[in-house]
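One chain comes next, on its own, written out as structure tokens in the form predicted on its own.
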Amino acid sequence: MNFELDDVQRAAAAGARAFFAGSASPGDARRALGGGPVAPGRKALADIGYLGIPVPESAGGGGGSVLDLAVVAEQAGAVLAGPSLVTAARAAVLLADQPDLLAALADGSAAFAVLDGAGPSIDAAGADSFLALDGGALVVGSGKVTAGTPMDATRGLASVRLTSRTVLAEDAGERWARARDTALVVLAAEDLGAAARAVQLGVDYAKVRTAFGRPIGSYQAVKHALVDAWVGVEQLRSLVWWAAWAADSAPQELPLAAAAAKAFAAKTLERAAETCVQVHGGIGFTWEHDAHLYWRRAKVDRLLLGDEAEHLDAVAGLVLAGALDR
């Protein structure tokens, strides 16, 4: 099966690349670490329609697919944009039978976050409406937010204690699992964009930085490190497009594809970010350079929605259960 993007999707990617290049940057991620706002911010994402991509047209959204959202998420990841499109993807699945709440998600009038237990949840720091699984029931409510000192401020991580609850669905375990799998796909897409950008930063620097009269990219140690990171990015790209396709067209494959994409994304982004820092040498560790911002994103994202080991274990269990034989 061919998992290449078609012309419409490539055009959407180009449009998203232009939007994010003009509205967010690693510099914004650096300023967010000092207390500044995340960029481009929820309003800008709502105004351009990106929060509404997974929302049906009947609820004021774009009626797009998970693949459509993943294409945009890749470009968001390249500039470390926030808030995350992971939240929009997950909330759209959870709120599928709630047209008013879906409309609020799409137009940005409500700032949603999805809670995973007592630990920090993505985008919770800037949210006012919280979705959670409470004894098997899907609930929405307000909450008391406790934010810590962020390693990557663009992720908006915070712990939340619900202070009110409205039950949206009584038996929502299956819906919750499907929403989480969809979130894994979009998170892997964001990590794909970040990893590709980190490798590109390293390649660009290796072409112009010289040592002993030669570009450092001509030395095997540097060359091989960058090639290994680039190969990982291209392998991740195939996994992400497969997982996004499965979310749209083969739901029986989604648990396997999503777990595989998330597990490999954690490893790939971490390798790309560390290679970027190493290629830049001493300046890669400085506050002023962007390399450490991608490293920060890698260290945070490898633990979001489960770490590599958890998802590799899920892949193994699904394969042993015959997931590849269906």
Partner chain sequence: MDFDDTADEAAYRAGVRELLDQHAAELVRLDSGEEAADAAQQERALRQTQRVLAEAGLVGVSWSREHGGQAGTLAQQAIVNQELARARVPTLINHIGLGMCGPTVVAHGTPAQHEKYLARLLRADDVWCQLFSEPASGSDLAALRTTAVLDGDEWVVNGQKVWTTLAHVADYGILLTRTDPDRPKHAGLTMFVVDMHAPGVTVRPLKQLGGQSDFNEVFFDDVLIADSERLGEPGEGWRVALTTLLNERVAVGGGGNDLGLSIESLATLARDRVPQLPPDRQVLARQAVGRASVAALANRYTGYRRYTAISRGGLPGPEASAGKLAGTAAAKLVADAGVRLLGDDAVYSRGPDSDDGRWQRNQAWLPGIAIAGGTDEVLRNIIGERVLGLPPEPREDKTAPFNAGSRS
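Only a predicted model underlies this, so the values are computations on that prediction, with no experimental measurement involved. Positions refer to the first chain, counted from 1.
Below: the form predicted together with the partner chain, not depicted.
Using a 4.5 Å heavy atom cutoff, none of 147, 160 and 283 lies near the partner chain in the predicted bound form. This chain is drawn without the partner chain; in the predicted bound form, the residue among 96, 169, 231, 110 with a heavy atom within 4.5 Å of it is 231. Only one of the listed residues (103, 78, 254, 226) places a non-hydrogen atom within 4.5 angstroms of the partner chain in the predicted bound form, and that residue is 226. Residue contact check for residue 237: one or more of its heavy atoms lie within 4.5 Å of the partner chain in the predicted bound form. Taking the partner from elsewhere, residue 260 is found to have a heavy atom lying within 4.5 Å of the partner chain in the predicted bound form.
Within this chain, residue 203 lines the site of the partner chain in the predicted bound form, having a heavy atom no more than 4.5 Å away. Using a 4.5 angstroms limit between non-hydrogen atoms, residue 13 is distant from the partner chain in the predicted bound form.
Of the candidate stretches 264 to 272, 296 to 304, 24 to 32, 50 to 58, only 264 to 272 has residues whose heavy atoms lie within 4.5 Å of the partner chain in the predicted bound form.
Heavy atoms closer than or equal to 4.5 Å to the partner chain in the predicted bound form belong, across 293 to 320, to the residues 308, 309, 312, 313, 315, 316, 317, 319, 320, ordered by sequence position.
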